[in-house]
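Let's start with one chain on its own, the form predicted on its own, as structure tokens.
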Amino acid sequence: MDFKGEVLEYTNYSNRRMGNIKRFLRKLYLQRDLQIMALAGAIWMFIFNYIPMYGLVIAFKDFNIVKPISDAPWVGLKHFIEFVNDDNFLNVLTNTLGISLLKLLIGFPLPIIFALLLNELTSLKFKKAVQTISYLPHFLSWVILGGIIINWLSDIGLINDILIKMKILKEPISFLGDPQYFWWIAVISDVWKELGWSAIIYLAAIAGIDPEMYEAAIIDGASRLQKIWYITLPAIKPTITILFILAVSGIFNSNFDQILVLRNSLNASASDVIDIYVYRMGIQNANYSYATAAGLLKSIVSMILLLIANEISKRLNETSLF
């Protein structure tokens, strides 16, 4: 290609690029009201979510609250090593993984099943009533819901009263006073609170399925179970995959609010998870550098799990977050 041709090609490229920029700016101007609202949210997120990230540097320093962060001496990976070698580390890790894996194994598929069952209901009034009842616990904070659960599980609470009257128990059990019950209490109460709300996204995905596919299946003589297995589940498979990737990345998050409300000195051996441990070391013991290191290590591992789950999903079914 001669010099004139190269100049012409570059000129055409520049013109196209300027045209794209002008169209983008014009679109931005036409949407200025929406962009201003979005900008406000972006500024809020930058101030409260990104600027505080500078504080993570204290994980590598011996920070003292009476001095600025810049004056704290560097200690490298000292706090990370101390956390991994701590006598409580194994117990904290076991409790965190135990509760989170049970929530994943039980709490993840149940909203899918619940959404599939709701979708099969023919009575619209009954369906709305069930949805409303299942959503309600989500809107109660763990402070309120935890108080209800503590009351129900007390020695003279509703659960013991029912079990004794049904002749299942002879004497009341202190459910929250025995560590062996705590994991299951945490899992069941979490499922109860979030089941209906978690099913919403699956119901939305199901609503997007072409009704003609169901009509064709009915003509072919497919049963309800066959329609669910061959039409509904494959159609919502991408949604399930994305949510599963996010659930795997959150394995080290044990729902701090829930555990904090339900734990006590009697079940501490089963309720001391990473989030509670960080809270105790950072807020109660004022060991900010150590607590920051523990929290940062948890976040790093969670990010690694997210990347691994995303890559596996991409290779197996070509569905991923990025």
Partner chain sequence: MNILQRRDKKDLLFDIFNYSLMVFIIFIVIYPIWYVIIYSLNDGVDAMQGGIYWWPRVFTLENYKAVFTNTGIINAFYITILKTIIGTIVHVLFTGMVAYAFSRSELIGRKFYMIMGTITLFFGGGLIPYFLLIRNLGLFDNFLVYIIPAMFNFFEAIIFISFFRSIPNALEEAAKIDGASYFTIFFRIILPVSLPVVATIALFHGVYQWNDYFTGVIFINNPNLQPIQTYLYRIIAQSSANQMLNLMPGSIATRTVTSQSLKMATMVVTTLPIVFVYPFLQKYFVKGVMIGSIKG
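These numbers were taken from a predicted model, which means no experiment stands behind them. Residue numbers count along the first chain shown, from 1.
This protein has a second form, the form predicted together with its partner chain, left out of what is shown; the following refers to that one.
- Interface membership of G98, defined by any non-hydrogen atom within 4.5 Å of its partner chain in the predicted bound form, is ruled out.
- In the predicted bound form, its partner chain stays beyond 4.5 Å of every heavy atom belonging to K170.
- Interface membership of A72, defined by any non-hydrogen atom within 4.5 Å of its partner chain in the predicted bound form, is ruled out.
- With a 4.5 Å cutoff on heavy atoms, I58 counts as touching its partner chain in the predicted bound form.
- Interface residue among I144, A247, L105, L233 relative to its partner chain in the predicted bound form, by the heavy atom within 4.5 Å criterion: I144.
- Between the options W229, F89, W184, Y135, the residue in contact with its partner chain in the predicted bound form by a heavy atom within 4.5 angstroms is Y135.
- Taken together, the three residues L34, V130 and N264 all come within 4.5 Å of its partner chain in the predicted bound form, as judged by their closest heavy atom.
- Although its partner chain is not shown here, in the predicted bound form the stretch 63 to 78 places heavy atoms of F63, I65 within 4.5 Å of it, in sequence order.
- Whereas the shown form places them at one spacing, the Cα atoms of L243 and W44 lie at least 3 Å farther apart in the predicted bound form.
- Distance between the C-alpha atoms of F139 and G41: longer in the predicted bound form than here (change of 3 Å or more).
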